[in-house]
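Shown next are two forms of a single protein chain, provided one at a time as C-alpha cells under the names structure 1 and structure 2.
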Structure 1
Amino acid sequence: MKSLRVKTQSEYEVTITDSLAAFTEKVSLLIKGDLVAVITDSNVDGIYKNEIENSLTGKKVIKFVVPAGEESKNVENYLKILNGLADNGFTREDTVITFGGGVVGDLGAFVASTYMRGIKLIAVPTTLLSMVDSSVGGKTAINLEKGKNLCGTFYQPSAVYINTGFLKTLPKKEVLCGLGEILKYRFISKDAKIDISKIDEDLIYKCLKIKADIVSKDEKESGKRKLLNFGHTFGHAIEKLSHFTIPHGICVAKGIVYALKISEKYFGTSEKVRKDYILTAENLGIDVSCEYDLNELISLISIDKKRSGKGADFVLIDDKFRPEIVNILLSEIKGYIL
C-alpha cells in the first residue's frame, strides 16, 4: 500500500492499494452522515454491482447509474442526480462517492461541488486514466454542445481510494487510454523517470506525485498547473471531432505529437524528441496518427477553455527538454505545424 497527501486548501489523502479492506479501514471512516450516494456507470455496475455498498454498513446507499461513455457527462444527467439527492433528503452532512472512470468522476464531482454549495466527496477511480490523473486535483466538469468540460468547478475530494485490482477487468483500449495520459508525465517533470513496462502501485504513485506537487502550488490553474495540459489543446479538439469515439488518453497521445511539432519551430527542439516519442507510443500499441483536417482542429481550439484572447495556451517542450506554457495566436498555429 502507498499513500500521498495532496496539499491543496483542503488537504486530503490518496490511498493506492490492491485491497478493498483499505476502503473500510481508511476511507469509509470519513463518512459521517447517514446517506451515501454512489455515482457509477453501467459498465462498472455490471461488474462490481455492490462492491462499494457492501463496505458501507450502517449507511443508506442510493445508487445512480449512468450509461457508460463520454455522452453521459451532460446537463441532463447532472440535473437528474441533483434532483435525486434532493428527493432522498441529502444534506451537507452526507456523502457522494464516485465509482468509475473519468466521466463518472467529473460528473459526480460536479454534482458534489454544487449540491447545497458543496457536499462531501470521495473518489474511487476504476480506470487507469482516472487513477493516474483525473481523480486527483479537484477539477469537475460536464460537457456542453460546443465542447468538452466547458461547465465545471474546482472542488477537492475528502479522499481518493485507488484499488489496482479494478484494473484486472479493464479492456485493453482503456489500458492504452491510461498509458496515453501517462506519457504526458515523462515530458512535464524533469524528475519523471517513469517505467511504463509494468502497471502497478509504483507507476500510479509516481504519476500522482508529479500531479500533486503541481496542484499544491497552483490549485486553480492560474499558472504552473497548465503544464498538466500537455497534449490536451489538440487532444480535446481531436476528441470532439471523433464524437468521443477515440478515448481521451489516446487523443492526448495524438495531441502530444502536435505539441512537439510546434515546439520544433517555436523553440528549435530536436525533431528526434518527436520521433522517439512516436516510436515509444507505437511500441505500446498507441496509434498517434491523426486523420482530421488541421483547419477543423484549429477551429475547435478557438472555443476551447484554454483559449486566451486571440490565442490559445500550449504546453511546449523547449530545446533543453523543459516544459513551457506558451500562448500562440490562432492565426499562427497552422504555420508552426506545416
Structure 2
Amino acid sequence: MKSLRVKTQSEYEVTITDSLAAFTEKVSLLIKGDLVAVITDSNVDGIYKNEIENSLTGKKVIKFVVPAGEESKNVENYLKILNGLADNGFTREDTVITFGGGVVGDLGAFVASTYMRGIKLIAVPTTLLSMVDSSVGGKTAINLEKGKNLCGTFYQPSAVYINTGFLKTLPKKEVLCGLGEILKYRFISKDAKIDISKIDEDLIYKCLKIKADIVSKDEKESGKRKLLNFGHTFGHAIEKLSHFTIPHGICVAKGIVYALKISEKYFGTSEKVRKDYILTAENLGIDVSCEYDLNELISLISIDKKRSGKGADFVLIDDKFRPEIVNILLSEIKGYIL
C-alpha cells in the first residue's frame, strides 16, 4: 500500500492499494454522518454491484447509477442527483462517494461541491486515466451544449482511494487511454523515472506524486499547473476535430508529437526525443499519427480555453529536457511545425 498527501487548501490523502479492507478502514474514519450517496455508472455497477456498499457497514447507502458514457455528464443527471440527495435528507454531515471513471468522477464531484455549498466527497476512481489524473486535483465538471467541461468548480475531495484491482476488468482500449496520459508525466518530470512496462501501484503513485506536487503549488491553474497540460493544446483540438470519437488519452498522446515538434524549432530540442517517443507509444499500441489538417487544428486552438491573448500556451520540452510553458502567437504556430 502506498499513500501520498495533496497539500491544497484542504489537505487530503490518496491511498493506492489492492485491498478493499484499506478502503473500509479509511472510510470508517472519514464518514461521520449516517447517509452515503454512491454515484456510479451502469458498467461499473454491473461489475462491482455491491463492492463499495458492502464495505460501508452501518451506513444507509443511496446509489445513483448513470448510463456509462460521456453524455451522462449533463445538467439533467446533475439535477437528478441533487434532488435525490435532498429527497433522502442528505445534510452537510453526510458523504458522496464517486465510484467510476472520469465521467462519474467529474459529475459526482460537481454534485458534491454544490449540494448545500459543499458536502464531503470521497473519490474512488476505477479507470487508469482517472487514477493517474482526474481523481486528484479538484476539478469538477459537467458538459453544456456548447462544449465539454464548460460548467464546474474547483473542489477537493476528503480522500481518494485507488484500488488497482479494479483495473483487472478495464477494457484494453481504456487502459491505452490511461497510458496516453501517463506518457505525459514522463516528460514533465524526468526525475520520476516512470517505468511504463508494468501498470502497478508504483506507476500510479509516481504519476500522482508529480500531479500532487504541482497542484499543491498551484491549485487554481494560474501558473505551474499548466505543465499538466503537456500535449493538451493540440490534444484538445484533435479531440474536437474527431467529434470526441478519439478518446482523450489518445488525443493527448498525439498532441505530444506536436509539442515535441514545436520544441525542436523553438528550443533546438533533438529530433530523437520525438522519434523515441513515437516508438515508445507505438510499442504500447497507441497510434500517435494524426491525419487532420493543420489549419483546422490551429483554428480550433484559437477558440480553446487555454488560449491567452493573441497566442496559445504550449508546454514544450527544452534542449536540456526541461518542461517550459511558452506562449506562441497563433499566426506563428504553423511555422514551428512545417
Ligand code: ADP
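Residue numbering: sequential along structure 1, first residue numbered 1. What you see is a predicted model, and the numbers here were worked out from it, not measured in a lab. Rigid core: the largest C-alpha set superposing within 1.5 Å between the two forms.
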item: Pair member which, unlike the other, is the form predicted on its own; value: 1
item: Large Cα shift (2 Å or above) at residue 88 between the two structures, core-fitted; value: no
item: Residue 48: Cα shift of 2 Å or greater between the two structures (core-aligned); value: no
item: Large Cα move at residue 22 between the two structures, threshold 2 Å, rigid core; value: no
item: Per-residue Cα shift, residue 295, between the two structures [Å; core superposed]; value: 4.5
item: Distance the CA of residue 242 travels between the two structures [rigid core superposed, Å]; value: 3.4
